[in-house]
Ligand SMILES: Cc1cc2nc3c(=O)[nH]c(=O)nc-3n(C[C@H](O)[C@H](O)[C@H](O)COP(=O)(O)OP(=O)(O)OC[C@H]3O[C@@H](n4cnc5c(N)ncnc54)[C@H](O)[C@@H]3O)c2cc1C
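Before any questions on binding or motion, here is one chain by itself as structure tokens, the form predicted alone.
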């Protein structure tokens, strides 16, 4: 089998998504532990500009597969085309993004090529001569190092876990163009994409983000989050998916895999358990403070300061202390 690490590029609206650079960073780290060639594959129609961007940015060889009528992502088509391509290339590792798109096609792709599938990869380690992939388990409270004896392994890389190189390569990689014909599956028919009108309401630009999770208890306690946020200049209120699903905050304020990714100087997590879907959207923050009554909350694993207390008790006391006059 060819010793190759294959990176599946993710793109939308004619632009390569930033997470692709993180997948490349993961592949390079994997390459240090097991010498192998790295190749990038990108599917679409058209695909030329995407391939040129990847080639110039990474300096890696790119397989650009033009798939007629694949202007937008379609899971069945991805699985069909990638299955044929992977059977031809026979890579050792296949790396995709741990996003809604990657999670849609990666497990099914692994089944088709009879490969192992390890999702939510956050780190790569070597133990007893074996390459292991670190991911969170038990709702994010524990981490596990997983190895597989399979000849091929499909990996989904958790956004925010690997740092992408921001500079362009000195030499562009070679581009191999090909065309793949894939008939639309009878099980699913693409009907277009409905664009959300929701835009990030300042959370992506804020220096301080105060986020609410299920642990705030009820809707009335959102007022506490706003009061805490008001203590900081350049701040914004955000929330986890459950809070937004319940209508307590707008979807424009959601942080996580299905929301927005933020990198403020300070991130204050209030009543957030620390599910991997949320953590992936905020772990790149400069400094993380978490308030949770559960001393084993998974959010504490990525926090710089961990406050074990009922936020309905802690936040009012903190606000009182911060706003009370201090003697000179």
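Only the largest set of C-alpha atoms that superpose within 1.5 Å between the two forms is called the rigid core. Positions refer to the first chain, counted from 1. Small disclaimer: the values here were computed from a predicted structure and weren't measured.
Note that the form predicted together with this ligand isn't included here; everything after this is about it.
(message) Since only the chain is shown here, I'm wondering whether residue 294 would be in contact with this ligand in the model of the complex (any heavy atom pair within 4.5 Å).
(response) Although this ligand is absent here, residue 294 would touch it in the model of the complex, with heavy atoms inside 4.5 Å.
(message) Considering non-hydrogen atoms and a 4.5 Å limit, does this ligand approach residue 209 in the model of the complex?
(response) Residue 209: no, not in contact with this ligand in the model of the complex.
(request) Using a 4.5 Å heavy atom cut-off, state whether residue 288 contacts this ligand in the model of the complex. (result) Output for residue 288 is no: heavy atoms all beyond 4.5 Å of this ligand.
(request) Although this ligand is absent from this view, report whether residue 258 comes within 4.5 Å of it in the model of the complex, heavy atoms only. (result) Residue 258 belongs to the contact set for this ligand.
(message) Just to be sure I understand the contacts: of 277, 67, 301, 53, which is the one whose heavy atoms reach within 4.5 angstroms of this ligand in the model of the complex?
(response) Contact with this ligand in the model of the complex is made by 277 alone.
(request) Go through 159, 213, 91, 102 and name the one with a heavy atom inside 4.5 Å of this ligand in the model of the complex. (result) Looking at 159, 213, 91, 102 one by one, just 213 meets the 4.5 Å heavy-atom criterion.
(message) So if I measure heavy atom distances to this ligand in the model of the complex, which of the stretches 72-80, 238-246, 127-135, 166-174 falls within 4.5 Å?
(response) After filtering at 4.5 Å, what remains is 238-246.
(message) Residue by residue through 301-323, which ones have a non-hydrogen atom no more than 4.5 angstroms from this ligand in the model of the complex?
(response) Heavy-atom contacts to this ligand in the model of the complex: 309, 310, 311, 312.
(message) For a quick test of reading the superposition: does residue 273 move by 2 Å or more at the CA between this form and the one not shown, rigid core aligned?
(response) After core superposition, the displacement of the residue 273 C-alpha between this form and the one not shown stays below 2 Å, so no.
(request) Determine, after fitting the two forms on their core, whether residue 113 shows a C-alpha shift of 2 Å or more between this form and the one not shown. (result) Moves: no, less than 2 Å.
(request) Compare the position of the CA of residue 64 between this form and the one not shown after a rigid core fit and state whether the shift reaches 2 Å. (result) After core superposition, the C-alpha of residue 64 moves less than 2 Å between this form and the one not shown.
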